[in-house]
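The chain that follows stands alone, in the form predicted on its own, written as structure tokens.
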């Protein structure tokens, strides 16, 4: 950017509200590092979530539960350095906010001060509604999350769709409305029948972001590694893969390995050279030794 170029305007919560009002879909991507942030920035997304799904996707844990605050902060700071325009959301990991309002506030403040997030995300209804209200009262914008909540997936019967009966759907909707009443700015709804989202959306004043929740939400979110085909693990039914980056990457590394083993790489054009006079002098110096 030149010294006279106008600075990039970062999106605001007001911009999201305007998109909801006008019916313009909101695009959100979950990403975990600096190069991924640069890519989604250039692609023009509206929001970036540094999700605790990083536990499995990039850190190799078998669930989201083990990931620590420090690990999430490291990843979130890397994403912040790669973003200019999109809103940045930091996912508060399991065990970092549930016990009390004071704990939630201390954790959220770390994400704001150390990682520069615009909003923090917390999961579930129930007591999380109280945590959300405390954070909002302290001036911290919050993203709520209902439906399938990975941090408590075990208690929900595993990673499976929620709200598939009328009673269960009503419980999801009531959690969503309680979070809205607590003052959250945005709501994520995950892995519910499309009928649940269609019933909930007209009841909300705030943007609703769906993941595996049908087309009636105000926007959609997918994980960077899932939509680009980077992650080798299984993906949910709702994931659409827009590229096969892993396949291309494996082929590229295999080609490199083959060329090294065949003596093809490095070729002369991949190296550096000395002036012949200096090379001759070096040979003379070595001979004198």
Ligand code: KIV
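What you see is a predicted model; the values in this text were computed from it and never measured. Residue numbers count along the first chain shown, from 1.
There is another form of this protein, the form predicted in complex with the ligand, and it is not shown here; the text below is about that form.
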Looking at 196, 89, 104, 188 here, can you tell me which has any non-hydrogen atom within 4.5 angstroms of the ligand in the predicted bound form?
188
Looking at 58, 26, 223, 40 here, can you tell me which has any non-hydrogen atom within 4.5 angstroms of the ligand in the predicted bound form?
223
Taking 4.5 angstroms as the heavy atom distance cut-off, pick the stretch from 244-252, 228-236, 44-52, 258-266 that is near the ligand in the predicted bound form.
44-52
How about residue 211 - does it come within 4.5 Å of the ligand in the predicted bound form, if we only consider non-hydrogen atoms?
yes
With a 4.5 Å heavy atom cut-off, would you call residue 80 a contact of the ligand in the predicted bound form?
no
Can any non-hydrogen atom of residue 121 be found within 4.5 angstroms of the ligand in the predicted bound form?
yes
Do residue 145 and the ligand come within 4.5 Å of each other in the predicted bound form, heavy atoms counted?
yes
Just to make sure I understand: among 21-47, which residues lie within 4.5 Å of the ligand in the predicted bound form, judging by heavy atoms?
30, 32
